[in-house]
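Okay, so here's just one chain, in C-alpha cells, the form predicted on its own.
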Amino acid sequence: MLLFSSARFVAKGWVRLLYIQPKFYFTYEGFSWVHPMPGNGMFVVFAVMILCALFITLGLFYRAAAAGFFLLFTYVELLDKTNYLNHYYFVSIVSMVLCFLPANKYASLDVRFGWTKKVTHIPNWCILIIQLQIGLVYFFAGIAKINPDWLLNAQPLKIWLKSRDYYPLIGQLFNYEITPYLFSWFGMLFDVFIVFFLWNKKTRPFAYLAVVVFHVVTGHLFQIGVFPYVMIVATWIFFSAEFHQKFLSLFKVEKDADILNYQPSFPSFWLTLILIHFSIQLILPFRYLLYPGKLFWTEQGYRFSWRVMLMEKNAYTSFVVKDKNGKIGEVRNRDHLTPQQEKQMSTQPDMILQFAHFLADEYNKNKGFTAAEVYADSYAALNGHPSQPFIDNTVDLAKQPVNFAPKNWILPFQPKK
C-alpha cells in the first residue's frame, strides 16, 4: 500500500501541484525550517520514496528502506499543512514503527540473500503494536463522533448524502430523513467497537467483512482517496499466523519445522519507546480540551486526533494591509496561494494567522509599507448553519503570536436558533 500510494501520488500530478507550484507553504509550528527541494527536486524525493516502499515490500535492505521511507514521507507531510490528512499521519506513524520491527526476518530477500538470520517466531508485542495503533485510529474516530452534530443532527452526512441522490439504485434512499441518522449512528458504533471484534477469533471474519463493506461504501461515496483501502489491507494484521502462512504459501514460502526465535537487542529500551509513543497517542486527541469554544469552529487541537469526516465547513477570507502612513493594500489571495491552499486557509484560523504574517513581511519588504498591519474579513458556515463572522476584523493579525496559545481573535460560534 505504501508503494501503490506513493506511485499514485506521482501519477496524479500532485507532486508538481502541491510541492513545486505553490509560492508559499503553511509549515507546522516549529518546522518553519522545512522547505521543498528546489527545481524538480521533489520528484527525486518521491522517486526515492517509491524505491524505499518497493524495498520494504520485498524485504530488501529493509531497515534502511523503512527508515528512508519514514524520513522522506514525514518530510513531505511537514512541508504544507494544507495537505494534512489523517491517513498520511497514520502512514507516517506506521512507517516509523516499521523501522523497529523484524519484518524482514522470514519471507524476505534479506533472508534469501543471507543478509539477515531467518526466524520463525517473534514476540507478541511486534504484532500488538500495529494492532494497537490501528485500534486507536478507529476508537478515537468513533469517540469523536459522539457529539450532537453527528448523532442528533446527522451533520454533515445530511448535507453530503442528499448531494449524492443521483447514484443508481441507492441514490433515492439518501433523500429519506432517517438515512443520514442511520449512517451517523452506524459509523460511530462501527468505529468504537470494530477493533474489539477484530481481536476476537470467533467474530473476526464477520468483523473483517464489515471493514471491507464499510470502507468500500465510504470510499465510493465520499472520495477520500486511498484511506479506505489502506485500512482494508492494514487490518490483516489481526488475522492469525496460520492465515498469513497460507497466504505466503502462494509464493512458495514453506513453513520451517524448526522454531527459531527472534531476540531483539535491548528489548526493555524498545518497550520504553513503545510506552512513550502510545502515551503521546493517547494524550494528543484530548488536547482540544485546553481551548475554549467549539472545536469544529476554532479547530484548535483538531489535527492529529483521528477526527474523520466530521464537518462540512466553508469560508471566505479576505485581507487588508495598512501601515502607519495611511497606505492601504487590498490582497488577492490567488496571487500568493493555490486554490487548494486558499480553500484550506480560509477555514482554519492558524493558517489565516500564518498568511497574515507572510503578508506583513511581504508588504514591508516589497511594497514599501512600514510596520504593516494585517486585518482579515472572514465568514464561515459550519454543518448547515448560516454563514457568520469568523475572525475579529478589528485585530491586527500581524501582531498576534504564532504559537499554541488560545486565539481570542476567533469570534464565538453562534448556532442557528
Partner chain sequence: MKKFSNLLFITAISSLLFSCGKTEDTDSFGKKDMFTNYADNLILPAYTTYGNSITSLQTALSNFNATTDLSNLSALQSAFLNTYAAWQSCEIYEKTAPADQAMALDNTNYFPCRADSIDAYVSRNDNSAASIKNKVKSDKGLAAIEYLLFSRTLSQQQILDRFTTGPNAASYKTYLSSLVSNIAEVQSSVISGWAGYKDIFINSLGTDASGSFSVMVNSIAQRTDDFKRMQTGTPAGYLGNVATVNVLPGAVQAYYSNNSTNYMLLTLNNMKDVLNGKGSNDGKGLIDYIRTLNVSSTFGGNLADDILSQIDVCITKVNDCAPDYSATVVSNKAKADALFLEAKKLLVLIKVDVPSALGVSITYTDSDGD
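Numbering follows the first chain given and starts at 1. As the structure is a prediction and not an experimental result, all values here were calculated from the model.
Below, we refer to the form predicted together with the partner chain, which is not included among the displayed structures.
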| item | value |
| --- | --- |
| The partner chain in the predicted complex reached by all of Thr272, Arg307 and Ala398, non-hydrogen atom within 4.5 Å | no |
| 4.5 Å heavy atom contact, Glu242 to the partner chain in the predicted complex | no |
| Distance check, Asp392 to the partner chain in the predicted complex, heavy atom within 4.5 Å | no |
| Heavy atom of Gly171 within 4.5 Å of the partner chain in the predicted complex | yes |
| The partner chain contact in the predicted complex: Lys201, any heavy atom under 4.5 Å | no |
| Contact segment among 382-390, 353-361, 63-71, 47-55, judged by heavy atoms lying within 4.5 Å of the partner chain in the predicted complex | 382-390 |
| Selected contact from Ala210, Met231, Leu136, Ala154, since only one has a non-hydrogen atom within 4.5 angstroms of the partner chain in the predicted complex | Ala210 |
| Heavy atom within 4.5 Å of the partner chain in the predicted complex - the one residue of Gly301, Pro102, Gly293, Gly329 that qualifies | Gly329 |
| Heavy atom within 4.5 Å of the partner chain in the predicted complex - qualifying residues of 308-333 | Glu312, Asn314, Ala315, Tyr316, Ser318, Val320, Lys322, Ile328, Gly329, Glu330, Arg332 |
